[in-house]
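We begin with a single chain expressed as structure tokens, specifically the form predicted on its own.
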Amino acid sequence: MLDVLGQIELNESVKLHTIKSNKFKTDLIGVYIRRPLLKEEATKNSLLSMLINKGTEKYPSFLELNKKLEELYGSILVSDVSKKGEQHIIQIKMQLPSRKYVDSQDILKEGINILNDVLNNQITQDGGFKRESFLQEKENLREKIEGRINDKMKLALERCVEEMCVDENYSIYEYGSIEELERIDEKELYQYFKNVIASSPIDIFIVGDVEEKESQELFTQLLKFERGEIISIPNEVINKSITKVKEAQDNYNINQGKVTLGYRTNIPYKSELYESSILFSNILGGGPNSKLFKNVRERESLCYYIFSKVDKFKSIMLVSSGIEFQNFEKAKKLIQQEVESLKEGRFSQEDIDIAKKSIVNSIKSLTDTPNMLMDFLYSQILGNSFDTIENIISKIEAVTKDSIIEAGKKFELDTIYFLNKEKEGQ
């Protein structure tokens, strides 16, 4: 059973969402802190996400905090950042065993107390974060940013976005930059953290076998926030005129080339054509039955992998493929031909049915874990959309061939990016 219960406002722009389910053996609490995706903030947000679960006043070290979590039957506390369009989300999540399976009836209460400590009672030193922890996490973040080059497929996607959206905030890497990291000290970061907690829209979720009234009482009593003036976060820029397709490339010591094509869909997620744009991308490159897979990978034997995906919040589609270096020109030409072929309606009802089945199965799988369910519900809040999973499936099922063609005709190629091998002599 899954029951998305009501929400209450714990404080100004601090909302609690309770989702009752007896499907899971754990209770999951998630705190989502929303910020604009800005160059001057992204690195700070990333560093905060790595630092805030390393110690509190009550548990002043990572070891002491984790010892307490172990005492709570192996509970888990994690934090990270995510990029949703041009919004940057600091996420803190705590997983606790359901009270049905442990002796302690106070485990949920103790977990919320720890979250309150993490958010409001950080361990400090001389007016800033504890220097030893700060320096360690700063170094860890440096390694993470520098290490992005190790996953070449992901790097190619990110670099295509950076070139495509060079003058837009969407181009900012979700973990920030080394340049900004160098400027941050522990005192400035702590003051920034206090401002983030005071000024950001915050959404808190609990997914588990919990009652609405009980969860509201516990969070109201135990989780406190000192609020100030709440920031306003602007909507993403969706439509952009394209006068010329951009081409860019980087050269690395690699054995396989990566080509990525970036398209502007020009279809916001609130549009009636949004679901049709998802079907368009799925038929194009959504799996082994897609046009790109069958025609470019299998028939032409041009690539090792190929797929397409749509970013809901930024309204762009990326087509990604791994190829032999000498096949770049042919691959980019064939990919564009497949996109144009779909725009002209050269696909069957069977293609539509297979794509619908794939998408519906993916949507249904969102309820398989508390984490996926929570992230889905939060994305609904970000999009100011409160469709149920059943309603979303109904919209997918209602998509027609004509609406897919109509959506596809709005897609415009913006950028072609190639991750190439190093030139001789480099």
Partner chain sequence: MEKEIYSEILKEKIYFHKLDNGLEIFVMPKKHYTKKFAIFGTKYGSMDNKFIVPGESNATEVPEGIAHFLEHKLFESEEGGVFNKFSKLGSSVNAYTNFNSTCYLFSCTDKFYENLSILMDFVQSPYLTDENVEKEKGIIEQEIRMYEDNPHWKVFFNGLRGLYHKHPVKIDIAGTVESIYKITKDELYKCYNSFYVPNNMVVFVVGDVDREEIYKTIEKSLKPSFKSLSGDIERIMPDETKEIMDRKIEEKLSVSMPIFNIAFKNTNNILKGKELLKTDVQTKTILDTVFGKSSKLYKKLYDEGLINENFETEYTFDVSYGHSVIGGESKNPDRVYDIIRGEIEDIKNSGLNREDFERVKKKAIGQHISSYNSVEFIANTFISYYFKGINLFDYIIELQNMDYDTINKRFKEHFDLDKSVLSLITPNN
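Nothing here was measured: the structure is a model prediction, and the numbers come from that model. Numbering follows the first chain given and starts at 1.
What comes next is about the form predicted in complex with its partner chain, which is not displayed.
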Handout entry: Three-residue site Arg346, Asp375 and Thr415 fully in contact with its partner chain in the predicted complex at 4.5 Å by heavy atom
Key = no
Fill in the blank from the handout: In this chain shown alone, the residue from Phe328, Phe225, Phe313, Tyr73 with a heavy atom within 4.5 Å of its partner chain in the predicted complex is Tyr73
Completion exercise
Contact with its partner chain in the predicted complex, heavy atom within 4.5 Å, among Tyr192, Tyr304, Phe307, Tyr173 goes to Tyr304
Exercise for the section: Report the stretch among 349 to 357, 332 to 340, 227 to 235, 212 to 220 that approaches its partner chain in the predicted complex to within 4.5 Å, counting heavy atoms only. Expected result: 349 to 357
Handout entry: Contact test in the predicted complex: Thr400 vs its partner chain, heavy atoms, 4.5 Å
Key = no
Handout entry: Contact of Asn169 with its partner chain in the predicted complex (heavy atom, 4.5 Å)
Key = no
Problem - Asn253, heavy atom within 4.5 angstroms of its partner chain in the predicted complex - result: yes
Handout entry: Interface membership of Lys44, its partner chain in the predicted complex, 4.5 Å heavy atom rule
Key = no
Problem - in the predicted complex: members of 132 to 169 within 4.5 Å of its partner chain, any heavy atom - result: Gln136, Glu137, Glu139, Asn140, Glu143, Lys144, Glu146, Gly147, Ile149, Asn150, Lys152, Met153
